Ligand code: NDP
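Here you get one chain, nothing else, as structure tokens; it is the form predicted on its own.
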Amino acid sequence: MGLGRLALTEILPAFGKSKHARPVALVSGDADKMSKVAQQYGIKASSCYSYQTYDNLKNNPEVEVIYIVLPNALHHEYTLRGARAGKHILCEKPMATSVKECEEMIAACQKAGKKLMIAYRIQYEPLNRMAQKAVREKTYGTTKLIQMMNCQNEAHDQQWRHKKALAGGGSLPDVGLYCLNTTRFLLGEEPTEVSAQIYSTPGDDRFKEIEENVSFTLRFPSGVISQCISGYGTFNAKSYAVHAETGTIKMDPAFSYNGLAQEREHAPGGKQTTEKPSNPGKDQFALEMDHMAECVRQNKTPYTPAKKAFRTSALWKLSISRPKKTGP
């Protein structure tokens, strides 16, 4: 559902690498574009829907899961309607623009007996999973500090990301969520303290309604401090570093769609050593769609279920609404 850049350049092509999922229907507000895409992917004209006819998906038995790839503020409405149509939901991040909407999305899917998975693709990517394993198994001792950064120079095109009503916020709920959610993914903990600072360049029309830069710090029960930065006005920077007692794990880039790289620095026997694990080159979107398909077939709970995403949404709202240190 939704035929924007992400769907056209990443998600639909990923079906070619998927083992357990295939596209069988499209939903779009642009009929001409949808017709061309349908022909390209062999999708029947009768399985092409507008936002107005979306509810008719309930009559299409080929459709088992709806992948919602819409502006953030629309996730709530179309998840509720999709659940009422009797379909499982795979929803792009962030889950929604308010805690209340998240709760209603969870309740709707539970009432319908359908699964709701949030598309945190990083948690399915092999190198990030290798980093998580090393952190949780304390390969380099106890983790002490984490640094995360996800920044990009957003185009001056007045897109939906610049409008608070559609996006819910600026850099934090979009690219900053990778910092917040990946830290939690690596540690397997929830933060007990959050503090944040926000700054937007005066006079830049992109940031009249949304924040440009957010620097936030998370403190975890184990004592780990994670320093995170998200921004919408700088050159691409998508990296993190996990600093443990006897070694450091670096990912750079860490959050891109492809080309991810990992580097490990440690000193076995007192000699400084750098290791660079090879990237298996798996398509992140194919991995997450295959996982969702298997969860439906085997009636399993997704690895990134809505309840985990609900905590993420609550945390980013907390960060930008209460800039002083506070409880969870």
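Residue positions are given as counts along the sequence shown, with the first one as 1. All values derive from a computational prediction rather than experimental measurement.
Although it is not shown, the form predicted together with this ligand is what the next lines describe.
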Interface membership of residue 247, this ligand in the model of the complex, 4.5 Å heavy atom rule: no
Residue contact check: residue 240 to this ligand in the model of the complex, 4.5 Å heavy atom: no
4.5 angstroms heavy atom contact with this ligand in the model of the complex for residue 104: no
Contact flag, residue 36 vs this ligand in the model of the complex, heavy atom cut 4.5 Å: no
Heavy atom within 4.5 Å of this ligand in the model of the complex - the one residue of 76, 184, 93, 162 that qualifies: 93
Heavy atom distance at most 4.5 Å to this ligand in the model of the complex, all of 119, 257 and 285: yes
Heavy atom contact within 4.5 Å of this ligand in the model of the complex, the stretch among 137-145, 172-180, 218-226, 202-210: 172-180
Residues within 4.5 Å of this ligand in the model of the complex, restricted to 62-80 and counted by heavy atom: 69, 70, 71, 72, 74, 75
